[in-house]
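Form predicted alone, single chain, as structure tokens, below.
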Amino acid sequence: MQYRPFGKLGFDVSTFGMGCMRLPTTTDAEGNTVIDEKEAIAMIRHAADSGVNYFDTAYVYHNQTSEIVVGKAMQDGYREKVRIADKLPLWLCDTYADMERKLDEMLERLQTDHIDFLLLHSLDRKRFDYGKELGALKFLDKALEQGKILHPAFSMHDNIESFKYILDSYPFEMCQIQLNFLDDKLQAGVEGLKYAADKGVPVVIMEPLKGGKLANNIPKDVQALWDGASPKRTPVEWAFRWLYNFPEVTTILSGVSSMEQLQDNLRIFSAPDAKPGVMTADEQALIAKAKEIYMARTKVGCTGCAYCMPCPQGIHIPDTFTMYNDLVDPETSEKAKAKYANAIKEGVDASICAQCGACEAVCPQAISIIDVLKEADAALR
């Protein structure tokens, strides 16, 4: 496993950090989708045994059960081997006391007396200002004094100006941004990565595969690029390679959903060349061409995070956006329309949107979901 210094904090972390937002799932006796605890715990412990020492979860992941499973996995001496990042959802806090109660609940779920990195979760300018009014920065100070957290941090989904504003507003000791070769100029982007690094703030990367878009259902013309390159690399390897090439990147989170995916990630990040500055000019040009093809095929930049779910009307919003994007490719358009026709029969198509706006309030990508659902519905019929 390759490691990098975590800024100026005096310790190293694995370049691969295991994200616990997309843990393996199963169905319980009532038919609900739940985490497959046995498999998830086995994966987390295998990652730690293989040298991964950074694990990322959040209060809201997996319907508020991710922390519980991570906590179980960290028993039997595993907690002492790793650092845990957890995230506090300000949108679920109405008072200062709510933040304190949720932090205590997070510690209880994780079965630990401290969280290494507590992030104010999914900030934009408006949410950060709301947090300040609520006393979030004083809350971080107090949690540090109490030893309940070791390092204050934040994750962000907003533009570069908001990113700089937030980063400059408090002595944060880590920030987490969305970055991949499609999003190099989106949100904080590469500019934000370098801005934070210049200030000595470690940067953790989320959505390196853009919700799996860069790993699955690869368009034929993109796959032809990868196939023509030498040496041969998988699409996942190319996406990670573009990121670990940046010396400013500290840790890259990958939300693995199976042991097979985990093993592949371990292979990639244990390679001798999984280091900064390894990409050639030809490789950079190859990535640029792949981005050009992807962008021409993308109608909506959904990553499938499902923060917008469940929809009160029963619409599966991420699936609808996937179908909408699939219309661009002749090879997938008919299948997308057939799938949408089934959604219409089941009465869960986008036309039933009540425009309540609950989804837009929590979308990290700031997608105008109501308007895009209308567009998707018209195009998919």
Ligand SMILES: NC(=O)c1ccc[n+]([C@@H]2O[C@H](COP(=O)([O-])OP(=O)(O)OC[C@H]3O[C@@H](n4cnc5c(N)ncnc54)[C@H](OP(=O)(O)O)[C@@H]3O)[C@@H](O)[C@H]2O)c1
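Residue numbers run from 1 along the displayed sequence. Only a predicted model underlies this, so the values are computations on that prediction, with no experimental measurement involved.
Beyond the structure shown, there is the form predicted in complex with the named molecule, which is absent from this document and is the topic of what follows.
Inset, instruction - Determine whether any heavy atom of Tyr59 comes within 4.5 Å of a heavy atom of the named molecule in the predicted complex, and answer yes or no. - result: No, Tyr59 is distant from the partner.
Legend entry - Touches the named molecule in the predicted complex: Tyr307 (any heavy atom, 4.5 Å): It does: once the named molecule is placed as it appears in the predicted complex, Tyr307 has a heavy atom within 4.5 Å of it.
Inset, instruction - Report yes if any heavy atom of Thr112 sits within 4.5 Å of a heavy atom of the named molecule in the predicted complex; otherwise report no. - result: Flag for Thr112 set to no.
Legend entry - Asp264: touches the named molecule in the predicted complex, heavy atom cutoff 4.5 angstroms: Asp264: contacts the named molecule in the predicted complex.
Inset, instruction - Select, from the options 144-152, 70-78, 223-231, 118-126, the stretch whose residues sit within 4.5 angstroms of the named molecule in the predicted complex by heavy atom distance. - result: Stretch with heavy atoms near the partner: 118-126.
Legend entry - Selected contact from Gly131, Gly301, Gly255, Gly189, since only one has a non-hydrogen atom within 4.5 angstroms of the named molecule in the predicted complex: Flagged contact: Gly255.
Inset, instruction - With the named molecule left out of view, choose which of Val13, Val372, Leu9, Met21 has a non-hydrogen atom within 4.5 angstroms of it in the predicted complex. - result: Only one listed residue qualifies here, and that residue is Met21.
Legend entry - Residues in 185-218 close to the named molecule in the predicted complex, defined by a heavy atom within 4.5 Å, in order: Contacting residues: Met206, Glu207, Pro208, Leu209, Lys210, Gly211, Gly212, Ala215, Asn216.
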